[in-house]
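The data below hold one chain only, encoded as C-alpha cells and taken in the form predicted alone.
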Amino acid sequence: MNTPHGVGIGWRPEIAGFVAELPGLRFVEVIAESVPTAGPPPDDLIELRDRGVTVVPHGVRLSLGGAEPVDPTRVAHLAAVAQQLAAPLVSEHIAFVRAGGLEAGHLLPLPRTHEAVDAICANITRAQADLPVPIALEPIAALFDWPDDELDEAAFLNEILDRTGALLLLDVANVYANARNRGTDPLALLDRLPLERVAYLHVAGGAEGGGFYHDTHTDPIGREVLELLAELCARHRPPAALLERDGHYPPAAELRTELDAVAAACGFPEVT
C-alpha cells in the first residue's frame, strides 16, 4: 500500500475524466459512503488504483463524536471500501451527524468538554477495532462554539489524538475559517498541534457571507489560505496535501492552476 504523498485531489464523478488525465497524480480521496460495497467500485477508481494512485476513503457519516456508540454497519462499510481500494488509511471527522435517532445531514461541532472527549475516544476505539487500516481524524470548520467548552481547540485535539493513537487530517481551510470567525491566530493553533502526526492536508476555497467566512469547497482557494498552507509546511511539511472541490467546478485550466498553487505553497512537484 502506498501512503499518500505529494499533491492530490478529491475524486468526484463530475471530474473523473480530468483527474484521470493528471500525469503526476499520486493520490486521491473519495467519499466513502459514495462507494458501493455490494459490487465493484466505479471503474475510474479501479483504474486509478491499478495504476498505483493511492485512494483514501473519506467518511462523513460515522458520527464519531456522537453520544451513542458508533454504528457498526457504517464502520463495516468504511472497512470494506478500504479493502476494495487497497487504501493505506481512512479518514473521518471530529464531529457528530446524528443524535436521538435523527440525522442532521451536516457535520456538527462537539462541545470541547472532558465528557465529549471520553465519548469520541470510545467511538474511535470501537471503529479502530474493526478497521483494517489506521484512521486519520479531521477537525471541522464550525460557525459556533458551545457555551460550556472546558478546553481550547489545541488541548481538545491533542487529548483525542494522544488517547486514541489516531493520525491527524488537518484541513488548512478549516483552520483559517475557524480563526477568522473566532478572531484568533491560526498560527497559534498550528504551533500547538503535533504536525508530525499529520497524515495529509486538506486545502479548499471559501467565501464571505452573513458576517462569517464559510468553508464552501465551491470557491477558489484564497491567498490567505495558501499563505497559511506555506507557513504550515515551513514548520513541518506533511507528506501530502489534497485539493477539495465539491461543486461549481471551474474549467480544467483553472483547476490545474489551483493544483499548481497548492504544490508551490507546499514545495511539492506539480501533478499537472
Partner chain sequence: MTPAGAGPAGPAGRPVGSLASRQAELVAALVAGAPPPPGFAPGPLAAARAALLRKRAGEVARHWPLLAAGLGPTWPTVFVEWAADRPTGGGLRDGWDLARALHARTALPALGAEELAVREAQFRYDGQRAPRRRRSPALGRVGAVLALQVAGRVRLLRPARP
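Numbering follows the first chain given and starts at 1. Every value quoted in this text rests on a predicted model; they were computed, and no experiment measured them.
The same protein has a further form, the form predicted in complex with its partner chain, not shown here; the description that follows concerns it.
Undergrad: Since only the chain is shown here, I'm wondering whether E14 would be in contact with its partner chain in the predicted bound form (any heavy atom pair within 4.5 Å).
TA: Although its partner chain is absent here, E14 would touch it in the predicted bound form, with heavy atoms inside 4.5 Å.
Undergrad: Is D44 close enough to touch its partner chain in the predicted bound form, meaning at least one heavy atom pair within 4.5 Å?
TA: Although its partner chain is absent here, D44 would stay clear of it in the predicted bound form, with no heavy atoms inside 4.5 Å.
Undergrad: Using a 4.5 angstroms cut-off on non-hydrogen atoms, would G206 count as touching its partner chain in the predicted bound form?
TA: It does not: once its partner chain is placed as it appears in the predicted bound form, G206 has no heavy atom within 4.5 Å of it.
Undergrad: Decide whether L143 counts as a contact residue for its partner chain in the predicted bound form under a heavy atom distance cut-off of 4.5 Å.
TA: Yes.
Undergrad: Only one of 212 to 220, 22 to 30, 50 to 58, 229 to 237 has heavy atoms within 4.5 Å of its partner chain in the predicted bound form; I'd like to know which.
TA: Among the candidates, contact is made by 212 to 220.
Undergrad: May I ask you to choose, among A166, L110, V172, A87, the residue with a heavy atom within 4.5 Å of its partner chain in the predicted bound form?
TA: Contact residue from the list: L110.
Undergrad: For 116 to 134: residues with a non-hydrogen atom within 4.5 angstroms of its partner chain in the predicted bound form?
TA: The stretch 116 to 134, when checked against its partner chain in the predicted bound form, contributes A116, A119 at the 4.5 Å heavy-atom cut-off.
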